[in-house]
Ligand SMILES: O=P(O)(O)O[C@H]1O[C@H](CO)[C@@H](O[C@H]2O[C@H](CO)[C@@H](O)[C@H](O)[C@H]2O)[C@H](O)[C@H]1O
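This document opens with one chain alone, in structure tokens, the form predicted on its own.
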Amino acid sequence: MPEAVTRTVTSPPGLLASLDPLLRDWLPRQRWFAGKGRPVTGFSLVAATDLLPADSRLGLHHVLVRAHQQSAPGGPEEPGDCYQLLIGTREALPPRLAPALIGHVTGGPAAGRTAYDALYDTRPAEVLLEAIRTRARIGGLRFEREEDQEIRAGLVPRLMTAEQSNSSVVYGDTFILKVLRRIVPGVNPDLELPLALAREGGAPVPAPAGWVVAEPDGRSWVLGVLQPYLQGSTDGWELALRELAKGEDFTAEARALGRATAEVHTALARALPTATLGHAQVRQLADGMIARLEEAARAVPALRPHAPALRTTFTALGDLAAEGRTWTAQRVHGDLHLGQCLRAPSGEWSLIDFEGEPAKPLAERRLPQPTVRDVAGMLRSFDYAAHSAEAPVPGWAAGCRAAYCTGYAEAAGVDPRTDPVLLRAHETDKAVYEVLYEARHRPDWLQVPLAAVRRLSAPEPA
């Protein structure tokens, strides 16, 4: 086993100041930047470390930077989200790295050089894997790996270019490093839950091989997670659309995916504490759903006619709790949909990306919740897939939804449909969220969640 490597090094003073004008233009254009629509007015440095010296042929700077933005047009400047940047500097950028360009630096320690997103480049990506392999300590960065995990040196990296809220580098079809972009201090569930599942055993979730953390202020910030790369796997969204385009049935896959989801839930309940939700907790849950409904109805006029009926779905949940009904809550995936699932060529499904909804506070993402939270997310995902097909396939979504719940019951011993009030409340809450999101970001998709709203607001059949 390689000995841990320790180097004490920080970036030279003036680096962020020299990059400031370039980052103001570049950062808001990135897919993973959360503050869209508001200009960046400045930056404050959280931490900076040189992974390769600034005066070498290739400089590599690891930067944690907080972007400042106005809370509203004309409003005061406020410190916003913290982002992880890996910035490379070269005298000239080769054509293959043109998509990574940040800009040309005119002052400071990198004056006269070109700055770019280093994850596009082979050598910087190799530096990250080697640091994990050797369990390096470089400045304020700590690179870790599981004791029994072997990582070969020299694996060739490539950046995955698919749009996502983080960045991923694949190493030789053996490992994939997920580099978190918008980061917060604390225990990140994207490391916490797969690590707990790996140590528990038996869940269809890739086990972490290594990870990267920083402690700039005494608190731990998870920066990246290295996992096995499931070569030849297809994500559930792509697979569903492919089968839809061919007019093929997807219910067998949906059923297998339901079983995999239940296996993950069962393992999480064994590995981590559970909780009982009584009247007070469920009342709080229902009140939160009602508040989100009211916010969405204020913003989206098309939702308003359905709001009273949707509200009764949430109050019905509170009424059950008032009668003494309780539910078990546990750790769940938190943002489950077809795109968070991978099907291997052998037909086995795996669940990935346990970060939860990034827009929600970390403490909220780590709360125990009813498992139907994940089930509802997947049911809505089947609906989205059906509406994405060029030629509609009648009954496709309904068949998948039923098959998924059947598969879930086979593995869990409990069918989520046997608790219709709880399931309906969570599916309605998800659809309301989608209405607000699509109205703000993708108006052409608004009819998809509105169709679900019309279905969910109709009286339940006897």
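We number the residues from 1 along the sequence you see. Keep in mind the model is a prediction, meaning the values are calculated, not measured.
Although not depicted, the form predicted together with this ligand is the subject of the following passage.
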I'd like to check something about Q149: if you look in the predicted bound form, is any of its heavy atoms closer than or equal to 4.5 Å to a heavy atom of this ligand? no
Is Y384 close to this ligand in the predicted bound form, meaning a heavy atom pair under 4.5 Å apart or at it? yes
Given that this ligand is not shown alongside this chain, does P358 nevertheless sit within 4.5 Å of it in the predicted bound form, heavy atom to heavy atom? yes
Can E253 be called a contact residue for this ligand in the predicted bound form at 4.5 Å between heavy atoms? no
Partner-facing stretch of 372-380, 104-112, 91-99, 305-313, counted where any non-hydrogen atom is within 4.5 angstroms of this ligand in the predicted bound form: 372-380
Of the options D335, E263, E144, D117, which one has a non-hydrogen atom that comes within 4.5 Å of this ligand in the predicted bound form? D335
Near this ligand in the predicted bound form, with a heavy atom at 4.5 Å or closer, the residues from 434-448 are E434, Y437, E438, R442, W445
